[in-house]
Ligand SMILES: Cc1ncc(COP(=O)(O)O)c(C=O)c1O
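Next comes just one chain, in structure tokens: the form predicted on its own.
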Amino acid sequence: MAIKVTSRSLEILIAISHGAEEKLGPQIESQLRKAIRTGTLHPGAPIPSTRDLATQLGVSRPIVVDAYAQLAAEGYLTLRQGARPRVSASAPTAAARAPIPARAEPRVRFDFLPAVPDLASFPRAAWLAATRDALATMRDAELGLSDPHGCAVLREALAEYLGRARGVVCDAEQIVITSGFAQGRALAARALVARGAKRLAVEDPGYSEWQTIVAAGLKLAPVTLDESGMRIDALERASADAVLVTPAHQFPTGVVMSGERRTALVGWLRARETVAIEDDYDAEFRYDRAPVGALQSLEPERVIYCGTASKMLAPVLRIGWLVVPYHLLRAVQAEQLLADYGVSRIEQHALARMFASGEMDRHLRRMRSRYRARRDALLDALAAELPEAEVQGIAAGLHATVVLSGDDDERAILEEARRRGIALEILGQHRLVPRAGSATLLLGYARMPEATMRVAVRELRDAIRSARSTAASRIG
């Protein structure tokens, strides 16, 4: 979207000395010339009008007029009657700077990337109304840097919503507002390290971006999964000091942790006198089963609960939250103060109004219906085009796990899909420990309209066949 440019007074960094031997005009010329040659002023950049610059510098306008005229004669400026002066598009420079090469991104025709919501469905009107209401009602003091750990109005709204919708047991003061899950898990990790933790058990396969955890000083202890979730026997052998899990809808397999496994995990936490970091990243989107409550509800003092607005609304908001046990709360808050001074208060107030007004619940109901229709369209297309594939993890979330038969090469399929403009992920991208197994694709459906699904899956089928054909020709 183009930004409308209006007539305005511009400022520019020029300092002149009225008592210097060099006259004022040449001082202006030399400073502008240097700024253009060094790239401080870019080609095409607007500069102040002669009247504005004369006022800023406290000199007569003819001095600036003459300086601009000289620079225009040298090719540094472009001057047109009635238009703002600008740096010439062909202004001479001392040395051409090598441009940063643009990364060649393949054109995406069909977007199957998982864990991304439908950005086109962001409730713009409701968000705009909530923001207007926030700005109209926020006190002047709330525009400062108060509440570094989260505005009270949002923490109270979240305490009500999380208790009602996810079974989370907490007081509003236990909630820490973050800039998303990445910051949330980093704060939790650093707080655990400060308490002496050295190893964090994680699901494998699981997340593929562990930089913040490792940077906090924790070593990763990968733990395998089965159809009931993280294996507690493997967790016991991992010699971990804490654990990170996605029990409501494991990423990326889509497995729901069973009740028996949850009970066993809570037993492990009690026996070790430690905590779990629970990522409840997309639990709002369920289709074929009753909602599964948060693990935190079983043992509130041993679970750090993590949530985010990224899947509910859009990642661009950069708002997440931690529900922290009281014995860790001060440590997490201290780590946050070392990281930053909190998330934008205006967005926090707007999000609080989305919850309090019921608009968030209405939006989530609309999106559940939309995502379910898209999931069903994906299942129909897979049944028609890839009937041999086994589809898993479809009862909730925003992606399906598609297990292929035979000896397909995941990486070869991924590369062929990319070549055809199909964006997807494979299970191998999320493994900490490489393991043999059937090729498994992760197909997100949140951003794929139903009308496009069949065509997209057919193209994916052709990519799989092409990868198989290439592999067969190499063997032969």
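Don't overthink the numbering: it's just position in the shown sequence, from 1. Since this is a predicted model, take the numbers as computed values, not measurements.
Below, we refer to the form predicted in complex with this ligand, which is not included among the displayed structures.
With this ligand left out of view, the stretch that reaches within 4.5 Å of it through heavy atoms in the predicted complex is, among 275 to 283, 80 to 88, 229 to 237, 213 to 221, 275 to 283. Each of 115, 251 and 311 is positioned with at least one heavy atom within 4.5 Å of this ligand in the predicted complex. Under a 4.5 angstroms non-hydrogen atom cutoff, this ligand in the predicted complex has residue 182 among its neighbouring residues. This ligand in the predicted complex comes within 4.5 Å of no heavy atom belonging to residue 371.
This ligand is not shown here, and in the predicted complex it never comes within 4.5 Å of any heavy atom of residue 199. Though the partner is left out of this view, residue 318 does reach within 4.5 Å of this ligand in the predicted complex, counting heavy atoms only. In summary, among the residues 127, 161, 76, 207, the only one with a non-hydrogen atom within 4.5 Å of this ligand in the predicted complex is 207.
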